[in-house]
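The form predicted alone is given below as one chain in structure tokens.
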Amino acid sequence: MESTNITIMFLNWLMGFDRKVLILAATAIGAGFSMIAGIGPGIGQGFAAGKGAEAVANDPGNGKQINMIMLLGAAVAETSGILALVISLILLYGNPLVKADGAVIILMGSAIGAGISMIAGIGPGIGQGYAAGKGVEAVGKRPEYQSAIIRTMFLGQAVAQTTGIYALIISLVLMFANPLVGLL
């Protein structure tokens, strides 16, 4: 009972602010949430680098090949972080919700939701980094199969990115083609 009163008091307090201020505040929160996705690439790239160091320690003569594969795999693992950065920058510098018509609470939720959606990039970042690490490890053990290993690593990383792309699509829809705005 008391929590309901607190919720109503909070909503009434929010509605005391200007419409644009509320949407800008929600945009700032969404931009911050979006960058949480960077956790995934950070973990994945760290794993790939660790496996690279391990592979070079076991086969120092193959270090140049191992480093190249580690860097290629880690670069692919960064895509989720880059997508999250793009959404954060759109929210900060070109958020169309600021000038959109519609209920302010829906526009605020859409700005925050666009950022939260990108958190899904944690999974692809970790998965792609794991694939990169295993690719580096495999080339360290069997350098004669390098091209086949790289091909398999890239295929696996491409599939692992799909949920990150889904998150990007939802974020873009929330900002540029939000079907919820026209429902009221």
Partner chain sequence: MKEGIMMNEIKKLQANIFKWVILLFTISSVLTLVFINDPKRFIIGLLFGTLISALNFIELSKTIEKAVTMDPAKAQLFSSLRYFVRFIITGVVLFVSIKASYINVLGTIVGLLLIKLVILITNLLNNKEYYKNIFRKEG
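Residue numbers count along the first chain shown, from 1. Just so it is clear, the model here is predicted, and its values are computed rather than measured.
There is also a form predicted in complex with its partner chain; it is not shown, and the following applies to it.
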item: Options 137-145, 46-54, 112-120, 24-32; stretch whose heavy atom lies within 4.5 Å of its partner chain in the predicted bound form; value: 46-54
item: Contact of V104 with its partner chain in the predicted bound form (heavy atom, 4.5 Å); value: no
item: Distance check, V76 to its partner chain in the predicted bound form, heavy atom within 4.5 Å; value: yes
item: Its partner chain contact at G127 in the predicted bound form, heavy atom, 4.5 Å; value: no
item: Its partner chain contact at L71 in the predicted bound form, heavy atom, 4.5 Å; value: yes
item: Non-hydrogen atom within 4.5 Å of its partner chain in the predicted bound form for each of P96, G133 and V173; value: no
item: Contacts with its partner chain in the predicted bound form, stretch 131-156 (heavy atom within 4.5 Å); value: I150, R151, F154, L155
